[in-house]
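Quick setup: one chain, the form predicted on its own, written in C-alpha cells, and binding and motion questions come after.
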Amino acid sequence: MLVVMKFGGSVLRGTEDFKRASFIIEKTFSEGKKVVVVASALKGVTDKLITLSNHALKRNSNLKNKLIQELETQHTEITERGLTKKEIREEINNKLKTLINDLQKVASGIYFLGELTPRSKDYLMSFGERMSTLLLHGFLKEKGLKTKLFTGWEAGIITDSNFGEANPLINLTKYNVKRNLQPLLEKGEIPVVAGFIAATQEGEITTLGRGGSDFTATLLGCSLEADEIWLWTDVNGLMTADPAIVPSAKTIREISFLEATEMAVLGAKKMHPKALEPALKANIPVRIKNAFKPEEPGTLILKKRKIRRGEIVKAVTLIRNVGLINVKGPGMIGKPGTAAKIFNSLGRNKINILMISQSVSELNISMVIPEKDFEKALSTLQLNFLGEGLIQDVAGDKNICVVAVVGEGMKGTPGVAARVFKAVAQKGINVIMIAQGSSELNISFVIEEKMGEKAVKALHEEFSLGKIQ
C-alpha cells in the first residue's frame, strides 16, 4: 500500500510537532506501507515571508534583517532541541544556514532594485517549505529511516509561468514524478517533498497558491497511483459546521469529492479548493486526519459514497468578508451581452465574483465580491457604465455574509429549499439574494452579516446535523 501524507503548517510549529510527525511516519512505514511525505512551511512562516518581501521592497533594512534573523532562529531552535545526534544536527543546520543566506540574497536583490515581481516573490516564498522539509528530513534521519529530500520541482512537478497560482502540466508532472520517486519507493526509502512549490520547464520557481501543499500531495498521489492520500492537520476532519458557531457540530466521516470541493470553494478550513481535482480524476481516496489525535478516523473523501436514507444536507458553511453589488437599469432589458460586459470589466481588473443572481426581468444583476476587492469593483462598474444609458445605478453593501447548505442528498429531493428558507424565516432572518446550481449540491443565500451565525445554527438544527455523521 502506498500512502502520500502531507503535514500542514498548523501541525508543524515546534520541536514536539516534528517529533510527532516523524513518529506518525515511522509507524506507518513500519506497518509495511510505502510512504511519500509532503510538508508545509512552519505555522506563520508564509506570512512572515510576505512581510519580509514588503520590508525589502520598502527598503526597511533593519526590519528586513531582523525578520530574516527571526526565521533562522525559529528553525534552528527546533533542530537544537530535537536532533540529539550531533552529525545529523550539524548537517541540517549547515544546510539551513545555506538556505538563510540564499534568502538574504533574494531579499537584498528586492531591496536594491526596489522591485518585487511575481517571479521574485515566488522565489522568496519558496523558502518556507524548503526549510520545514529540511527539518522533517533531519528528524526522520535521526530515527534511522532512509529518506531523501526533494523540492517540488526536484520531485518532478512542472507548471506554467502563472506565478503566485501556477497550473501544473499534468502529463509532464506525472512522468517526472514517477521517474524520480518510484525507484526510491521500491528500495524502501521515504521521499520528503516540499509542498506548495514547483518550477516551470525553464527552471523558474513557481508556487501553487496559498494552501498549495495539499495540491502537491494530490499531484504526487495521482502521479504515483497511491492507494490513499492523508492530509494531517489540527482538527479531526471536515465538520458539519464551524464548531465555534455550533458547539454540537460533528466530524463528517465520509463525504464525496463533489461535496468536499463545494465546501473547499465555500471556504471550509483545512483544504485547498483545487487540491482535490487530481485525486478525483485518479479516484484516490483522501483522508483528513488530526495529527494530535492520530487514532481518530478523520474524514474520508471518496469519488462516490452511499447516501443514507433520509440524509439530505451534509454541512452548513458561513462565508464572511464579502460584499454585495447590485447593478440595475431599464436599459439592460433585452440587451444581449450586458452581463458579459459587466463581468469582463471586473475580470480585466482581476476581481473574482463569488456568486451571481439575475432576475428574469433582466432589470438587475447582483454579485457577491470578496471584501478586499469590494471598493475596487464598485468604482470599476461606476466608472465604466454609469452615464452611458445601459445601467442606471450601481449600489453596494458590505454588511452581508453568505450561508451555504451543501449535500448530495439534496439532489432530486423535493422541498429542500422550502425547509432551508422556512428555518431561517422562523428566526426572523431576511434573505437578500439566492443562488443554486443545477447540480443541486449547494444552496447559497445572502443575509445581513449580524444574522449569519443565527442562520447557521437554525439550519444545523433543521437538518439534524448534530447526529453522528
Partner chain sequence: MRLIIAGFGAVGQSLVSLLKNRMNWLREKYGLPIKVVAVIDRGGAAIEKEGLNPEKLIKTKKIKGTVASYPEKGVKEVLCQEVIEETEAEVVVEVTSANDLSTGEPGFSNITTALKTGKNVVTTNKVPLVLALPALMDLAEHNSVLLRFSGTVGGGTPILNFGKECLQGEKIISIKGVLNGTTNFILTEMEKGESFHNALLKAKKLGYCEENPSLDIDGLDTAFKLVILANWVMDKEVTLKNVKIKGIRGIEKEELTENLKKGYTIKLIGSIEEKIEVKPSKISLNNPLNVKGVLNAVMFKSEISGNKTIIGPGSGGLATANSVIRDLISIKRELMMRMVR
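Only the largest set of C-alpha atoms that superpose within 1.5 Å between the two forms is called the rigid core. Remember, it's a predicted structure, so these values are computed and weren't measured experimentally. Positions refer to the first chain, counted from 1.
The following text describes the form predicted together with its partner chain, which does not appear among the structures shown.
At the 4.5 Å threshold, heavy atoms of residue 249 stay clear of its partner chain in the predicted bound form, well away from it.
Although the partner is absent from this view, residue 382 contacts its partner chain in the predicted bound form, with a non-hydrogen atom inside 4.5 angstroms. A residue is said to contact a partner when one of its heavy atoms sits within 4.5 Å of a partner heavy atom; residue 378 meets this definition for its partner chain in the predicted bound form. At least one heavy atom of residue 348 is located within 4.5 Å of its partner chain in the predicted bound form. With the partner omitted here, the residue from 281, 179, 210, 341 that has a non-hydrogen atom within 4.5 angstroms of its partner chain in the predicted bound form is 341. Only one of the listed residues (398, 143, 85, 320) places a non-hydrogen atom within 4.5 angstroms of its partner chain in the predicted bound form, and that residue is 398.
With its partner chain left out of view, the stretch that reaches within 4.5 Å of it through heavy atoms in the predicted bound form is, among 96 to 104, 383 to 391, 292 to 300, 156 to 164, 383 to 391.
When two forms of a protein are overlaid on their rigid core, residues whose CA moves 2 Å or more are considered shifted, and residue 234 is not one of them between this form and the one not shown.
Annotation: Cα of residue 175 displaced by less than 2 Å between this form and the one not shown, core superposition.
Residue 342: CA moves 2 Å or more between this form and the one not shown after rigid-core fitting.
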